[in-house]
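First, one chain by itself: the form predicted alone, in structure tokens.
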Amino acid sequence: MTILQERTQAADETANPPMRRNASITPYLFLVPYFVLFAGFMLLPAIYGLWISLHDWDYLLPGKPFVGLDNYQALFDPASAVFDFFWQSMQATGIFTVASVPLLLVVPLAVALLINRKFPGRTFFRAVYFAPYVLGVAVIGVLWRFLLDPNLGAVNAVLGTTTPWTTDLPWAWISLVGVTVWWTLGFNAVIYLAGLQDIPRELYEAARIDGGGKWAEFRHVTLPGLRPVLLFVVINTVLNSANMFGQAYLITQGAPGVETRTAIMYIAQTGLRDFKMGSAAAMSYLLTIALLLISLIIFRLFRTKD
């Protein structure tokens, strides 16, 4: 019987050799569309941006002289015209990231723990928390620009105050962080919720048998079970916060002065308004390197925990 099967298999291989060769390359053919899109919209623009950062690149002029690393050196030279503005924008980015990331990690986790329980209307509350995330940044920015207006805004009218939500510190930061948390917490909550539903119920039952309370269940079952999800949420939230642009551009417009002008906002102004694409590209690469280092540190911290 075994000999017969081997002969049949050998006969099939002999009869259909092209089919076997095609089967070996089929998985790679499915990856071709992704690689084409990745190369066209990610890799090539990144290489082109690096090339631009090495030139004095004004796209309105025909000459774009090669300047080497001058655009990068200017970012570290206190006597250059861009030094103070660039590092002030990096500081603003850091303030927003430090203020918003902890809230965007803790509040969505609390919401996910709440809506993971069984109670009437649970599906409705899940939709309510996620609903703001489907709105675009333009809608969110214009909406809250009017609501937080110090003179005509509905928020001050309801509270009966004259708080400068968009024109003074620290209110401008409170406004930007508050709006961002309200807008994006639904996304992180959904990711947490998916992670919570993957934790085996038997682990919670074992914790109860051992006499553990709710805090012990959260510390020894929930948090370890969510570790892969936490890694994704932390990195994704840090990167999104560090790339914040639309809220500051639409709600505070960088006010007061340029205190809330983030790095992405300043890079866009340098490249698109001042036509200094070489300098803007150099700033972008410096910000990218900083975010890569932060991501590596986060990976290292989570690996240490293992």
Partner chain sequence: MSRVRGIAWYTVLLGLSLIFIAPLVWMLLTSIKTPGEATQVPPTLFPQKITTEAYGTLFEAGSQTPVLRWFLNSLLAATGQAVLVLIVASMAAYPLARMQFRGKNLLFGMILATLFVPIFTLIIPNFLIIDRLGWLDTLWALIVPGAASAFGVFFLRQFFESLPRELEEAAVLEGANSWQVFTKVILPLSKPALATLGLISFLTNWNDFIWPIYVLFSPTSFTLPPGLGILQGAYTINYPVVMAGAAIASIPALLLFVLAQRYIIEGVSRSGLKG
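None of these values were measured; they are calculated from a predicted model. Residue numbers count along the first chain shown, from 1.
The form predicted together with its partner chain exists for this protein as well; it is not shown, and the discussion that follows is about that form.
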| query | From the list 138, 159, 216, 106, which entry has a heavy atom within 4.5 Å of its partner chain in the predicted complex? | reply | 138
| query | Between the options 86, 129, 96, 165, which residue brings a heavy atom to within 4.5 Å of its partner chain in the predicted complex? | reply | 129
| field | Residue stretch of 86 to 94, 203 to 211, 71 to 79, 108 to 116 approaching its partner chain in the predicted complex, non-hydrogen atom distance within 4.5 Å | value | 108 to 116
| Hey, in the predicted complex, is residue 220 touching its partner chain, heavy atoms inside 4.5 Å? | no
| Is there a heavy atom of residue 40 no more than 4.5 Å from a heavy atom of its partner chain in the predicted complex? | yes
| request: May I ask you to state whether residue 268 is within 4.5 Å of its partner chain in the predicted complex, using heavy atom distances? | output: yes
| said: How about residue 33 - does it come within 4.5 Å of its partner chain in the predicted complex, if we only consider non-hydrogen atoms? | reply: yes
| task | Determine the residues of 227 to 249 with a heavy atom within 4.5 Å of its partner chain in the predicted complex and present them in sequence order; the list may be empty. | result | 229, 232, 235, 239, 243, 245, 246, 249
